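So this first bit is one chain, no partners, the form predicted alone, shown in C-alpha cells.
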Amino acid sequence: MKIAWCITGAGHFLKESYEVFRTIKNEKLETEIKITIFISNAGVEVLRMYGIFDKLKEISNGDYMAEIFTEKEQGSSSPKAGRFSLRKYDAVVVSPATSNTVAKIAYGIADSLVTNVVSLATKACIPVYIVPTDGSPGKVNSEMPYSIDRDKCRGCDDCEPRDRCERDAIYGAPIPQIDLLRCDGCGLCRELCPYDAINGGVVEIKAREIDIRNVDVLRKMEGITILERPEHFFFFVKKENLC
C-alpha cells in the first residue's frame, strides 16, 4: 500500500495530520504501508514553526516510495509528480489543504508541487482525499506557533531565551520578537522564560464564503473526496480496503 501525503502551509490541522499518518505508519497491518510526503514551500516553513519537520522522518525514512519531497527541491517541473501518471500510488491525501491550494485545484491550476500531484493523480484515476482548513461555515479554533506575550514580557537585559536560541530566532529590544521563519518550534525558549511570556496560542478563525464555495466545487469533482478532519482518513482506509 503506497500513500502520498501532501502538506501545504497551514497550521490548522497540521499536528492532527501528523498524528494520523504516524499512527497509520506504526499500526500493525497485513499490508506494508509506504508513505511519500510532498511539501509545498509554505508547508516547509510552517512545519518548522510547529516543530514537526524533523519528525517526518518517523513516517517516511527516505527509502524508495517513502521519501520526503519539497517544492524547492522539485523545482517548477515537479518531476517526482510523474509517478502518479504511472499509477505508483494507491491514494493521495492533502492534509491540511490551504484555501489557496483548494482554489487552485477547483479551477484546474497546477503550478505547484501539491497541485501538480493532485492534477496528475486525478488524471490517472488515483483517489484523492482533501482536508481543507476552510471548508465549513462558522468559526473554528486554530493553534498558533510560539510568540511573545508583550504584556507578560519584562524586557530583561539578559534574556536567556534570546541568548540560548540556537537558530537566533529571537531578536529586538526591549520587548523581543520571534522570527517564525527561523524558529523550528523546539520550545526551549518557552521553558527558559521565567515569566511564562512565550507560548503558542489559539485564535478563532472564520472561513470566507469564497473558500466554502471552492470546497463545494471540489466536492463535485470526480475522484476527489472532501474530509472534514484528518482522522476521518482512517475510515476511508478501511472502507476502501486500502490496507
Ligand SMILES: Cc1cc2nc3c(=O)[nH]c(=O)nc-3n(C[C@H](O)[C@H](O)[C@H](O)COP(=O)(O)O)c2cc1C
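In case it trips you up, residue 1 is the first one in the sequence shown, and so on. Just so it is clear, the model here is predicted, and its values are computed rather than measured.
Here the subject shifts to the form predicted in complex with this ligand, a form of this protein not shown in this document.
- Query: Is it the case that S17, E67 and V93 all touch this ligand in the model of the complex, with a non-hydrogen atom of each within 4.5 angstroms?
  - Reply: Not one of the three qualifies.
- Would you mind picking out the stretch of 228-236, 19-27, 6-14, 215-223 that comes within 4.5 angstroms of this ligand in the model of the complex, counting non-hydrogen atoms? Stretch 6-14 is the one.
- Item | Heavy atom of M49 within 4.5 Å of this ligand in the model of the complex | Contact check for M49: yes, within 4.5 Å of this ligand in the model of the complex.
- Message: Can you tell me if G172 lies within 4.5 angstroms of this ligand in the model of the complex, counting non-hydrogen atoms only?
- Response: No - in the model of the complex, heavy atoms of G172 and this ligand never come within 4.5 Å of each other.
- Query: Could you tell me if P145 has a non-hydrogen atom within 4.5 Å of this ligand in the model of the complex?
  - Reply: Looking in the model of the complex, residue contacts with this ligand include P145, since a heavy atom lies within 4.5 Å.
- Heavy atom to heavy atom, is A42 within 4.5 Å of this ligand in the model of the complex? A42 belongs to the contact set for this ligand.
- Task: Any residue of 77-104 with a heavy atom within 4.5 Å of this ligand in the model of the complex counts; write them all down in order.
- Result: If the 4.5 Å heavy-atom criterion is applied to this ligand in the model of the complex, 77-104 yields T98, S99, N100, T101.
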